[in-house]
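The chain below stands alone and is given in structure tokens; this is the form predicted alone.
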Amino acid sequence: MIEVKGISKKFKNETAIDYKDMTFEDGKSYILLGASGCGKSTLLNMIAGILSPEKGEIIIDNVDITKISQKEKDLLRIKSIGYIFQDFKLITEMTVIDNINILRLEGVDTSRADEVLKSLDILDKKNKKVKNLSGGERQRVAIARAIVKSPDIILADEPTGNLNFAIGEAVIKQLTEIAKGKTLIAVTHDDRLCKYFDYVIDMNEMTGGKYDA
């Protein structure tokens, strides 16, 4: 379970975002909707331990991650969180399988790589360089890299933002199917995808302060 309590994030330009309390239950999927700048991606980054709030608590499985060191946050993320970044963060000159196996440098077991790639219908792309893949295929590689370690939590920041709707919808269908039994939190601006998730959270209603960040 993830609990967000009384958190606020301030940025260098002095703008701030205050968040209402939220709870994300184990094994459920959530989609965060809202206008650009309302704090959706910032919330994901705080849950992942990449950013820290100025105040409040973020409790993951009874551990308040705002009270632990950055090293401990990083270890928690490596062990328990799969993060699908908006810009994929793939190394385009490397092959699909090498983009996954690079996680071994962090001690991640990637032995499920073939199984995961097959579930995403891209096993036949395993030895192709990422630069030669389509946008939809690259997104699936990013998903594969995030879930190969069987994380308890999957965070997805605009997982369809660079795709047309038909391809994006297919990706979301696969992602929500693969994430069953895990906690999935996805950020998007496309409310047409809501039907694939257990819960919809309107972040325009869950945040306050200036939305310039």
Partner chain sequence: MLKFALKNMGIKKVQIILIVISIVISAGVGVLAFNVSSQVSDGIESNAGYYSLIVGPAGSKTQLAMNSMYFTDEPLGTIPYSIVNDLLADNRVTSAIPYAMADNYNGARVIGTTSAFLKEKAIGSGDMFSDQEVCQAVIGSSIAKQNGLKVGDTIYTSHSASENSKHEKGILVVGILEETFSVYDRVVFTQIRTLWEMHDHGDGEEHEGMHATVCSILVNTKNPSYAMQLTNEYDGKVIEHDEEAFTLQAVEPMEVVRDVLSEADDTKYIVFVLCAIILIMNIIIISIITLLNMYHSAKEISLMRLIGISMKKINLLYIIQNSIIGLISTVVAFLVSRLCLVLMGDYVSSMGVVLNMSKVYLPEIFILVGIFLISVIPTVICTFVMAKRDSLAE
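Quick caveat: nothing in here was measured; it's all calculated off a predicted structure. Numbering follows the first chain given and starts at 1.
As for the form predicted in complex with the partner chain, it is not shown, yet the points below apply to it.
| message | If the cut-off is 4.5 angstroms on heavy atoms, which of these, D114, D124, D109, D98, is the one near the partner chain in the predicted bound form? | response | Selected option: D98.
| request: Give a yes or no on whether every one of S52, L90 and R145 sits within 4.5 angstroms of the partner chain in the predicted bound form by heavy atom. | output: Yes, each of S52, L90 and R145 comes within 4.5 Å of the partner chain in the predicted bound form.
| query | Is L103 close to the partner chain in the predicted bound form, meaning a heavy atom pair under 4.5 Å apart or at it? | reply | Within the cut-off, so yes.
| task | Mark N164 yes when one of its heavy atoms lies within 4.5 Å of a heavy atom of the partner chain in the predicted bound form, and no otherwise. | result | Answer no; every heavy atom of N164 is more than 4.5 Å from the partner chain in the predicted bound form.
| task | Would you check, heavy atoms only and a 4.5 Å threshold, whether S150 touches the partner chain in the predicted bound form? | result | No, no contact at 4.5 Å.
| said: Given the stretches 156 to 164, 57 to 65, 30 to 38, 44 to 52, which is the single one in contact with the partner chain in the predicted bound form, using a heavy atom cutoff of 4.5 Å? | reply: Within 4.5 Å of the partner lies stretch 44 to 52.
| query | Can you name the residues of 70 to 99 that have a heavy atom within 4.5 Å of the partner chain in the predicted bound form? | reply | Heavy-atom contacts within 4.5 Å come from Q70, D74, R77, I78, F85, K89, L90, I91, E93, M94, D98.
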